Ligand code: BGC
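Shown here is one chain on its own, the form predicted alone, set out as structure tokens.
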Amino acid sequence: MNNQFELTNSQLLDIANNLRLKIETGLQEDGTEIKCLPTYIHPNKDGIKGEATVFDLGGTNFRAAIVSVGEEPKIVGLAEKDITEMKTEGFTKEDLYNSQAEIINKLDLKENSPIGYCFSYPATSLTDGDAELITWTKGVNIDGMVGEPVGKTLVEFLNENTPVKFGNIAVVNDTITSLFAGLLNPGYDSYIGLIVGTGTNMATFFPSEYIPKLAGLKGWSGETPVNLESGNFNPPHLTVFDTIVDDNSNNTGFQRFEKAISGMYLGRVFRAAFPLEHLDVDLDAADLSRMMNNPESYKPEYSEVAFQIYERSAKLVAASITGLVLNLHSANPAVKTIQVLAEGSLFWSKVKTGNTSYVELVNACLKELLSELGMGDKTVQISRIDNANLIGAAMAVLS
């Protein structure tokens, strides 16, 4: 069967170079396709030690934990709650804070504990380590919070309404927490945080002098963590099926890269490839995995095309890492060893078709692309850490 999702190395290098240029543009000015949002927290690469309270607010879940970081990270306490109610109409800021306080009060907290807050919504980082909500996503729309500091207002509420007083707070994106969690593996020249699950994104540390849009910021130097928001990348060499998925989405023209590679959209790409078949409208990456892992239960072309889409996703991720490696090389040609801390169920999946795993596909393609660019001397190590969100948020506030 003809593979309409095949990408040659030449096309993948086009994609890598296109991303490299768009990252450079995003580092120069705000409001570009690749946003390159700076986070004003200096990474401590020499070993972070200490204990912090950590909050993690996702689309439907809120977690609070006490995390100690040192020789071996430990999650000493963990409490969580499904707060899908935050998506209901009329849910207020006070309702959210009360829900969060209810969970936080279950922990045995010390006075003046620093807080690392993994906040998985678009936010602009502030120079004091806090962040300002840009917009709600994921079906949430709570009045009176857009344009406000996320951390400061929560800490004020908690200090008035809980038994203990809290210290400083660092509010970080979930990709930034993956980036910081990677510092648990010291000794690399450079670090990348990568998410490939329901959605996708990358983050890295750049020397501040390599970020022209920070030039006017007084008293800020050293390395800056940058959240690329790379899911919004619009790469060359997408297919007509990707255009169909985009046209039928609720954010046409945006997140084109995410729509080609992430778990939320792979099922939609598959449906677009079989327009005359009556396929489930909620088809997702897990369904494609079932087709690849149980080929005898499906039409042969289903498991074959499912694998083509899965393989293309991995190769696109390899191209995006390659693009970012080119930026890291431009910032510092001496960079030789790079660690990628990868999160997401899709990234760490395995399939029977092709007898492979996603990470193996990424690694093989990445090696070829770097070799073709004459960068075979760069070593990219892809790693994983359990509870990277919690540990990375603690490391951010303790840096």
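Predicted model only: the values in this text are computed from it and were never measured. The first residue of the sequence shown is number 1, and the count goes up from there. Just so we're on the same page, rigid core means the largest C-alpha set that superposes within 1.5 Å between forms.
What comes next is about the form predicted together with beta-D-glucopyranose, which does not appear here.
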Q: Decide whether Y121 counts as a contact residue for beta-D-glucopyranose in the model of the complex under a heavy atom distance cut-off of 4.5 Å.
A: yes
Q) Is there a heavy atom of I195 no more than 4.5 Å from a heavy atom of beta-D-glucopyranose in the model of the complex? A) yes
Q) Should S303 be classed as touching beta-D-glucopyranose in the model of the complex when contacts are defined as heavy atoms within 4.5 Å? A) no
Q: Could you confirm whether E132 comes within 4.5 Å of beta-D-glucopyranose in the model of the complex, counting heavy atoms only?
A: no
(Q) Among the candidate stretches 284 to 292, 206 to 214, 324 to 332, 121 to 129, which one is within 4.5 Å of beta-D-glucopyranose in the model of the complex when only heavy atoms are counted? (A) 121 to 129
Q: Could you tell me which one of K81, K138, K299, K74 places a heavy atom within 4.5 Å of beta-D-glucopyranose in the model of the complex?
A: K138
Q) Using a 4.5 Å cut on heavy atoms, which of Q255, Q308, Q100, S113 is close to beta-D-glucopyranose in the model of the complex? A) Q255
(Q) With beta-D-glucopyranose taken in the model of the complex, which residues across 179 to 206 come within 4.5 angstroms through any non-hydrogen atom? (A) I195, G199, T200, N201
Q: Determine whether the C-alpha of Q308 shifts by 2 Å or more between the shown form and the other one once the rigid core is superposed.
A: no
Q: Classify L279 as shifted (yes) or not shifted (no) between the shown form and the other one, where shifted means its C-alpha moves by 2 Å or more with the rigid core superposed.
A: no
Q. Would you say T60 moves between the shown form and the other one, meaning its CA shifts by 2 Å or more once the core is fitted?
A. yes
